[in-house]
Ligand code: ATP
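One chain comes next, on its own, written out as structure tokens in the form predicted alone.
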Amino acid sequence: MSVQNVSTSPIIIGLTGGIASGKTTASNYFLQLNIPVIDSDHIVKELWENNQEMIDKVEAFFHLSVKTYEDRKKLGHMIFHNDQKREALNHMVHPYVFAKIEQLKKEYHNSPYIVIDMPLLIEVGYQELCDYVLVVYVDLETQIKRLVTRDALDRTEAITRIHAQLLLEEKIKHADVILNNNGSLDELYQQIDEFLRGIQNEK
């Protein structure tokens, strides 16, 4: 467990999972419990809308406009099919994301817990800054079906997008807690409740 290497107050909970695994559902449940959640996807969305410095860097590198939602959809399609371009984009965007996360962590310093909701938590090494890492897990076939339904993709494109991230089987190797989301919502919520009771008892 990474908690041995981290000394923080509040307790930092890293929450991650694969695309269409149910991470957002878990994140929303933490919010229902009045636990602050720092959503990296929301931060990225705000950066695309407001951070001209980052936008200029991306446009200069990729030689295309990323000012509109449709522009960014084209960029997203490009990086899902090109590992090198995806890695280059991540290197440009992530420093801005991390800076905003640190700012928000200071704002929530009076909370006993802070959840960092980050799809690429493991890929970028952010788990080293967390006391606990939670991975929301579903089996691959369930993940594919949910992604096809959610984003109106064909099966081939869904599989391509899943493989653009570290596979769940690899992510769970870094988990302190695996939240199995193959079942019902209530079962997922019960696992989160059990996790929170467990860390409260450790205090």
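In this text, the rigid core denotes the largest set of C-alpha atoms whose superposition between the two forms falls within 1.5 Å. Just so we're clear, the structure is a prediction, and the values are computed from it rather than from any experiment. When you see a residue number, it is the position in the sequence shown, counting from 1.
Not on display, but discussed next: the form predicted together with this ligand.
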Mark Ser184 yes when one of its heavy atoms lies within 4.5 Å of a heavy atom of this ligand in the predicted complex, and no otherwise.
yes
So in the predicted complex, does any heavy atom of Arg155 sit within 4.5 Å of this ligand?
no
Any non-hydrogen atom of Ala20 within 4.5 angstroms of this ligand in the predicted complex:
yes
Arg150, heavy atom within 4.5 angstroms of this ligand in the predicted complex:
yes
Within 4.5 Å, heavy atoms only, one stretch in 49-57, 142-150, 30-38, 64-72 touches this ligand in the predicted complex. Which?
142-150
On a core-based superposition, does Val66 travel 2 Å or more at its Cα between this form and the one not shown?
no
Please say whether, between this form and the one not shown, the C-alpha of Met54 moves by 2 Å or more once the core is aligned.
no
